[in-house]
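Next up, structure tokens for two forms of one chain, structure 1 and then structure 2.
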Structure 1
Amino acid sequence: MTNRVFERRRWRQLPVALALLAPSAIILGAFIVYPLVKAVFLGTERCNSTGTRCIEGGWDQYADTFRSTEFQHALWVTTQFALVTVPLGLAFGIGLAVLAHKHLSGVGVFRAIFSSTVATSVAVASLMWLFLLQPSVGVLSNIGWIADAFPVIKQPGLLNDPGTALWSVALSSVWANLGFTFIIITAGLQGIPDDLYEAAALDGAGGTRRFWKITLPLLGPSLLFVLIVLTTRAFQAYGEIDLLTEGGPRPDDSTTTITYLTYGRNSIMATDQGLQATTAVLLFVVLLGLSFLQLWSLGRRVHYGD
């Protein structure tokens, strides 16, 4: 009898639940699900060189594009970009957050400075780094001892050299994402009880041991979240690449990532909407797989507390 009453009550609450979920479902369907489904079907079309006429190419286009030299090169460049930006971003974010987590007078000023990049757009950050790295009028190239120690800064320029272009763009991306990482890690640090540090200090644990045994394990949820977000941002980075190198330097295409291959003005598929949709869907699949892999491999080791 009690179960029947409970079931009837649940069914009476169903309309209210559907009404509350409807706005989110409509927004999700209109702006996420529908464009994704549209892109998946658009990715089966092949267009002419001007992009004015497209014909059905079949689902094999996904396999052909994935095996193509251009996509494999862009995937490798994107992977290198992520391998540089994610570890550096995490290390700098953790380091600055730990330094700013001291109870010192005036430390709020440093917290504001460290987190300020979160309010800086990719365009502004990229222009700032362009002003620093540009070989003819850039700041670094006009400092004599730096230009003498690193001639590549002056000729051909860090953004124009195939060996340094990706690192230069990666540094600008690390700087632009530093504020986000700093804020998330700082919030995680503030959730760690001071009692744990005091008890560890009484037991003779030094600062380094407290960092590895207390700070890092209890920052696990924050670090996992930041890791997934930074990886996603690295694979989706476009603005800094377009503004700083335009996918070059040529002919090596040293900074042509998957996003630039998809949307770049100088990309070989700039006028082919079908191929652009194909690479965009493949990027979505790659990111989905990476996120599941990160959650599966690291999620079980993260301590979420009692």
Structure 2
Amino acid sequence: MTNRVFERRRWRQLPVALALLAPSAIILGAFIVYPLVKAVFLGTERCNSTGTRCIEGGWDQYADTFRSTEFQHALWVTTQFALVTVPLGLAFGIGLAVLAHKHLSGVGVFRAIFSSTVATSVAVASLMWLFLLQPSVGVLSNIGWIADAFPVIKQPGLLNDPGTALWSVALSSVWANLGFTFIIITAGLQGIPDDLYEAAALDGAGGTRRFWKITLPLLGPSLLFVLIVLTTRAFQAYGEIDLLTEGGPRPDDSTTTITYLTYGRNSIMATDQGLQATTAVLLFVVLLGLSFLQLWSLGRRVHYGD
């Protein structure tokens, strides 16, 4: 009998619940779910520049786009970008957090400094780095001994040389993400109880051993979170590329990532919404696969405490 009472109460609460959920559901539905579903179908079409006239291109368009030189190139550029920014970001984040974690006097100042880049938007951070790296009006090329030691800084410039452009953008991106990474990992460190270290020290474990046996394993959840966020950000990188290199240098398109291929002003897709939708959906699929892969392969090994 009580079951029936509860069941009736659940149904009675349904209208109120739906009313409370409606504002969120409408926005999420109209601007996340609908555009994703719509993009899947739009991805089968070829459109004119305004998207007013589209003709059916068929589902093959996904396979064709995926196999195209342009997409493969962008996928490779994006992968390289991620392979640089994610490990470097993690390493710097862990290093700085451990360095600034100790009970030193004045460590608060250093923490504030290391967190500071969280206040820079992608545009602000990118313009700061543009000013550092730009070959004619930049800082580095106008400091005599640096420009002499590394001629590439002046001619053709780190952002204009196909060999260095992507790494330069990556460096600016690592810097911009540093504050975020540092804050998360520092919070993770604070959750590790001091007596674990004390017990390990009593047992004769040195600093290096304590780092590998206690710090890293117990940081697991924070590191997994940072790993996934940094990977996602690397695959979504757009602002730094737009402001630093505009996808160039050409003709190699050395910094044309998938996102820049989709939305960039100079991209060959800039005027075709059908193709843009195709790459947007492919980006979603690639990112989803990566996130699941990371969660699946690492998630089981991460120690969440109790």
Partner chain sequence: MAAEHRITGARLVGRYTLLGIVAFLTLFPIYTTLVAAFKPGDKVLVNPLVPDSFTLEPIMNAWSDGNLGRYLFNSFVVAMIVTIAQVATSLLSGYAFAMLDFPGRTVLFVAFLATLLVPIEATLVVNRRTVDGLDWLNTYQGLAVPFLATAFGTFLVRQALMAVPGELRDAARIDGAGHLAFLRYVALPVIVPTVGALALFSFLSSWNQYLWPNLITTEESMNTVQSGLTLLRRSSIDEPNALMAGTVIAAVPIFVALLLFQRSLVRGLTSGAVKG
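Along the sequence of structure 1, residues get numbers from 1 upward. Given the structure is predicted, the values throughout are model-derived calculations rather than measurements. Whichever C-alpha set is largest while still superposing within 1.5 Å between the two forms counts as the rigid core.
Between the two renderings of this chain, the form predicted alone is found in structure 1; structure 2 comes from elsewhere. After superposing the rigid core, the Cα of residue 288 is displaced by less than 2 Å between the two structures. Fitting the two forms on the rigid core leaves the C-alpha of residue 63 displaced by under 2 angstroms between the two structures. Put simply, the small part of the chain turns as a rigid block by 10° against the big part between the two structures, using C-alpha fits. The Cα position of residue 25 changes by 3.7 Å between the two structures once both are aligned on the rigid core. When the rigid core is fitted, residue 12 shows a C-alpha shift of 5.8 Å between the two structures.
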